[in-house]
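A single chain comes next, written as structure tokens; it is the form predicted alone.
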């Protein structure tokens, strides 16, 4: 972070009682009336200023988290000033189309943002009595999501990825394609994307910026960037700054905001690093025992408020270490969020993009966001039927590996062929942007070769309507 001098009006107290410097933390003795999460200025022996915040208060002792690292500080000459206020983000509608660092400062070469408000990055909890249940469809343009694991406004839905899988490509594609549809399937309401890139490389930053510019989505996107070579403690601020911007756009300006955060594994690693520097008793695999509540403080900022036209929807991407879905990060995330989208290494090896494994994937809010007046009346039946047949097809693949395909019945061969076609035509779509109607029409096309008696999850009237209409047009 660039060193800067603070306005004198913000300074309330100054101490020279630093007792320890450990990793990104400094320990201060003989303090009084300091507050948790209060912003701090650390002045090194050469007079340069770094920012930090109070991480812990215990009697007359305080622990401060230094954002730019503690290199160059010493116990005797280091001074610490307490601002008397928490970390705040300057917000404005002019943030749209800008690239900001993890603290909200522009890094795209453009002018400074003139703030309309300065908000606490920790946010304010949504009163449960005014929280509205997610029940309206968001179109991502990805068939495996829109058709089978639908995202709804106000939902929090993670994407579980693995090392080397195209999660960043999928995130950029969704950010460019996502939109809110009106009752008649037309884009009817204002929509914005807040994209938080946490702990990413310079190459990945360039990729995201180029993708947004190429797709024309830049003007409706706010990009927060925390690079891998930035101080790790800034990762903890980046996610909160992005959510603060999203809440402002949603609940002040009435926009439907999709927040995409990648990669939350980097966030959790930074949380573990800070906990280790504080010498806290570790939990599972060295992560702090409060990681669940810390993640919940982020994920629960998604939602809708009764009487407010805007909404905050979260699509969180995390990398599962060793592809282990029981690892603490995906495990705790799954408890808090409303389902998950799982990327498959086997599908990726087959050249299928996006490699979404639809069987372990789930959207718990899907049924509330689809159906007549939202997507189409046949959506729910088609989704159930595709799942049922694909699950049987996956089971038959394992059976074929033991007894051979020749032992299958005619019906089983049809199901096995359906599973292959679903992967190659429905799940695999490349960089194309499919509307929900195109996705559902494709689902019908995949089911058309199957006899009606095999389509047990779809009402007979819908089958007759579909196939009767096809025969009439022929």
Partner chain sequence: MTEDAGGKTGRIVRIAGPVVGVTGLEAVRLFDVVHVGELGLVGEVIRLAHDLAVVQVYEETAGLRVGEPVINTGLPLVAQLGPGLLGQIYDGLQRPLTVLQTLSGNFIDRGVSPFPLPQETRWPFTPRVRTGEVVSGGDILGTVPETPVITHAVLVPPGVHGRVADINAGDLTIDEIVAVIEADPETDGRTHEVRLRQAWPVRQPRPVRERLPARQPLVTGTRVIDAFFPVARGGTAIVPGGFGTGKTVLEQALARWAGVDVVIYVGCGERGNEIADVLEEFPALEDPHTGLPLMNRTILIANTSNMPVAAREASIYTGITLGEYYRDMGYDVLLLADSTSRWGEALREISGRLEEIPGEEGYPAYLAARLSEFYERSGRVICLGSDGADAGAEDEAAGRRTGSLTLIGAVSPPGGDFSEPITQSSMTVVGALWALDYSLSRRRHFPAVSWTQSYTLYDLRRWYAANVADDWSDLVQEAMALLQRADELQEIVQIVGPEALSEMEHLLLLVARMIQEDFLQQSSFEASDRYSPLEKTYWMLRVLLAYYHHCRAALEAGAGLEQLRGLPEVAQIARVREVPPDQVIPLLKGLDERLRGSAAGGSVGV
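Note that the structure is predicted; figures quoted are calculated from it, not measured. Definition used throughout: the rigid core is the maximal C-alpha set that superposes within 1.5 Å between two forms. Numbering follows the first chain given and starts at 1.
This protein has a second form, the form predicted in complex with its partner chain, left out of what is shown; the following refers to that one.
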Among 71 to 79, 215 to 223, 259 to 267, 273 to 281, which stretch has residues with heavy atoms no more than 4.5 Å from its partner chain in the predicted bound form? 273 to 281
Between 92, 340, 103, 211, only one gets a heavy atom within 4.5 angstroms of its partner chain in the predicted bound form; which residue is that? 340
Exactly one residue in 458, 450, 25, 18 has a non-hydrogen atom within 4.5 Å of its partner chain in the predicted bound form; which is it? 458
Within 4.5 Å of its partner chain in the predicted bound form, do 131, 326 and 399 each have at least one heavy atom? yes
Interface membership of residue 365, its partner chain in the predicted bound form, 4.5 Å heavy atom rule: yes
Would residue 403 count as a contact of its partner chain in the predicted bound form, using a 4.5 angstroms cut-off between non-hydrogen atoms? yes
Under a 4.5 Å heavy atom criterion, is residue 421 part of the interface with its partner chain in the predicted bound form? no
Residue 59 within 4.5 Å of its partner chain in the predicted bound form, heavy atoms: yes
Within 227 to 252, which residues have a heavy atom closer than or equal to 4.5 Å from its partner chain in the predicted bound form? 247, 251
Core-superposed comparison between this form and the one not shown, residue 457 Cα displacement 2 Å or beyond: yes
If I superpose the two forms on their rigid core, does the C-alpha of residue 27 end up displaced by 2 Å or more between this form and the one not shown? no
Core-aligned C-alpha movement of residue 63 between this form and the one not shown reaching 2 Å: no
